[in-house]
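Have a look below at one chain only, the form predicted alone, in structure tokens format.
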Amino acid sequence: MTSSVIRTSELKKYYSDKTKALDGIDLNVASGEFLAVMGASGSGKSTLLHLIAGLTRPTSGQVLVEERDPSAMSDTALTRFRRRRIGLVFQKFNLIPHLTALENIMIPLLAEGKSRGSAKDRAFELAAALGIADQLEQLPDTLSGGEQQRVTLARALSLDPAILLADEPTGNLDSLSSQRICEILDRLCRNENRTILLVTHEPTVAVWSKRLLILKDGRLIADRPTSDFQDAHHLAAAYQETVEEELRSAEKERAE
């Protein structure tokens, strides 16, 4: 039986004004799974990723990542755990502008105490795999959006994390660059057995995953294999139908 690398139980995140960012999420993610999370703005997608990564703490409930609770760790232990076990990729590339692509990729390796030589070797290895070996001496603002995102991805993979959390990684990219990133993520999952949790609003991106989660108003309203959908158009239609059905159910409850 495949073990769960991410588990949440009755996971809730409320803010001071009682806004329910997440309202009781139960989730099990197996090792090597590729999940996509869809939902409208404010549905709780990014909050879910932030809680799993330990970037914020839950109001109640629990997150376990490789059987460890990020919210129970000290800041130092959490930083070390996240750096070693979880790769983070965001819509904003968060590259340091005055460092070259090579130097940006080397940052986690040097922070982990690797020698400059071994860090450089690892960066070159990743850059070659991601198709950016020729851009390593360039500064971020001289690279295209797709190239910057691949630098970000290389940095996230530098310490060989088991889990990759990606929050709208294609949101700032053109369709061709977006396709390239999806191909890379698919390869990372299939060939390297990495667990990937991807937040997106794009059906053309979500269809690359193996499992689709749909959030609405902080609740998980659907959890389906993407093999249910013939293509991105069918996935988009199913997503819309699920959301509309949830709205109808909520209206019926209010009427009763």
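So that the term is clear: the rigid core is the largest set of C-alpha atoms that superpose within 1.5 Å between two forms. Predicted model only: the values in this text are computed from it and were never measured. In this text, residue numbers run from 1 along the sequence as written.
Although it is not shown, the form predicted in complex with a small molecule is what the next lines describe.
S.K.: With the partner removed from view, which of 37-45, 185-193, 205-213, 23-31 is the stretch that lies within 4.5 Å of the small molecule in the predicted bound form, judged by heavy atom distances?
M.R.: Going through the listed ranges, the match is 37-45.
S.K.: With heavy atoms only and a cut-off of 4.5 Å, decide whether Gln91 touches the small molecule in the predicted bound form.
M.R.: Because a heavy atom of Gln91 falls inside 4.5 Å of the small molecule in the predicted bound form, the answer is yes.
S.K.: Is Glu147 near the small molecule? Define near as a heavy atom within 4.5 Å, in the predicted bound form.
M.R.: Flag for Glu147 set to no.
S.K.: Hey, in the predicted bound form, does Glu168 get a heavy atom within 4.5 angstroms of the small molecule?
M.R.: Although the small molecule is absent here, Glu168 would touch it in the predicted bound form, with heavy atoms inside 4.5 Å.
S.K.: Check for me whether the small molecule, as it appears in the predicted bound form, comes within 4.5 angstroms of all of Thr79, Lys120 and Phe124 - heavy atoms only.
M.R.: No, none of Thr79, Lys120 and Phe124 comes within 4.5 Å of the small molecule in the predicted bound form.
S.K.: Return yes or no for Ser16: a CA shift of at least 2 Å between this form and the one not shown, with the rigid core superposed?
M.R.: Yes, Ser16 moves 2 Å or more.
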